[in-house]
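Heads up, the chain below is alone and in the form predicted on its own; it's given as structure tokens.
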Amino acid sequence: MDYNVIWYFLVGVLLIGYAILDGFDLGVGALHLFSKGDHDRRILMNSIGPVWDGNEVWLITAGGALFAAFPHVYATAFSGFYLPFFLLLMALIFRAVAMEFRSKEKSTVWRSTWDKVFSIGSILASILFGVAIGNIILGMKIGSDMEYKGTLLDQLNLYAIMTGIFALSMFTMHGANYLLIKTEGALQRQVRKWAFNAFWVFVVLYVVVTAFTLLAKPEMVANFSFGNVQAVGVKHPLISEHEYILSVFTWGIAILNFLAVLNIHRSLSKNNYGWAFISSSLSIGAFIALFAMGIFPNMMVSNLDPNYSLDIYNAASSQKTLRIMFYLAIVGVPFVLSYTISIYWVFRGKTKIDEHSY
């Protein structure tokens, strides 16, 4: 395994960390307007109060790692997705402002306005995350100069919009599972109904998006089809030399994904909310891992010519840079994990409202 493969794996781990951690607080935001009364809405907002900004650090870290390890991918992605990333940034900023400003005034109109901003920002950020992944799966108009040749309308295709709505359903279900751990009494009983409803919406969209993906991009399973499905273009030596191992490994992830989804409903039915949250976390991680294995070793697929796709070799930094960054990551990643775990440990338990709350 060379440094290019290692950094593909590390960027994927950071992306999975972001999707799991920020996924549940975006889901809480999406559910925010369903709660009635100022007290319940404050409980929802304060359930993520101590952790939401730390969760978003994972997105910044993933972007930084992408910039340093695969600068051509960073440049193409951030110029090609300029408007969607700008909208994502605005959604995250206004969402944060809403949390800080909402409780500064007791006016009903004031609080209701920031409630809407908080919820809309969360929904928009969730959809844009899915739209970006949908476009990478479907392929983008990337030319021989590694620049995006399409328009914003090209990115708003039916498949990408569908994956965006699927991401919203997944994060909403994940957020409801998190709220079940942080709430109690009548509000928890209400959240339990949301969790079941969100789960069934998620399952229906899971089946639809999977079927659409197999129909539109059957080569997404080429890397783990034991050679039964051919990829577009020349098969990379990394795939042809390790086809059997990759297929076994990836089907293991697919089975884990299926079992995790089933266990969400089982855990909710048994009121075992901790396992419901762990299961939805595992299912999100497995989805992104399957996506990564489907496009590997590409990072951005060109639908103009497969030779123009950006992969872990033609878009990477020098071997010296990747090696130095690898040693820095060995030191830095444990600190990030330790900080994240300690924050969740300190703020464990049910959410209570006091004079310092949002």
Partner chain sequence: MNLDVEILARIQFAFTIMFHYIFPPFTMGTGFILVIMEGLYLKTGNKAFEVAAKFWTKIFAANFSIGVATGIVMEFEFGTNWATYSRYVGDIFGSPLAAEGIFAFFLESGFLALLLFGWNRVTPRVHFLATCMVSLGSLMSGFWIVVANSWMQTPTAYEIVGEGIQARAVITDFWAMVFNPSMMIRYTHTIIGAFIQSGFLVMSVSAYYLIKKRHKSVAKRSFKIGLYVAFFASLIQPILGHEHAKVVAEYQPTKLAAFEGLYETTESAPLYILGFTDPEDEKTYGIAIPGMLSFLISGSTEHSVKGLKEFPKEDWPGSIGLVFQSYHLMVGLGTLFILMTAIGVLLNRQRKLFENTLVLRIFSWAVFLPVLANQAGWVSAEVGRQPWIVYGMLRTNEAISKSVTGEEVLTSIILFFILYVLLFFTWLYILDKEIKHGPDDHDPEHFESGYLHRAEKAQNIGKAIKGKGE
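Bear in mind that the values here come from a model prediction, so they are computed numbers and not experimental data. Numbering follows the first chain given and starts at 1.
If you look for the form predicted in complex with the partner chain, you will not find it shown, but the lines that follow are about it.
Using a 4.5 Å heavy atom cut-off, which residue among Phe258, Phe226, Trp200, Tyr82 comes into contact with the partner chain in the predicted complex? Here the answer is residue option Tyr82.
Work out which of Ile93, Val207, Val248, Ala216 lies within 4.5 Å of the partner chain in the predicted complex, going by heavy atoms. Contact residue from the list: Ile93.
Can His236 be called a contact residue for the partner chain in the predicted complex at 4.5 Å between heavy atoms? No, His236 sits far enough from the partner chain in the predicted complex that none of its heavy atoms falls within 4.5 Å.
Is Ala186 close enough to touch the partner chain in the predicted complex, meaning at least one heavy atom pair within 4.5 Å? Ala186 lies outside the contact set for the partner chain.
Ser318: heavy atom within 4.5 Å of the partner chain in the predicted complex? Yes.
So in the predicted complex, does Ile161 come within 4.5 Å of the partner chain, heavy atom to heavy atom? Residue-level check for Ile161: no, no contact with the partner chain.
If we take heavy atoms and a 4.5 Å cut-off, which stretch out of 101 to 109, 131 to 139, 216 to 224, 169 to 177 is in contact with the partner chain in the predicted complex? Contact-bearing stretch, as computed: 101 to 109.
Taking a heavy atom within 4.5 Å as contact, would all three of Gly64, Arg348 and Ser357 count as contacting the partner chain in the predicted complex? Yes, the whole candidate spot contacts the partner chain.
Residues within 4.5 Å of the partner chain in the predicted complex, restricted to 183 to 202 and counted by heavy atom: Not one residue comes within 4.5 Å of the partner.
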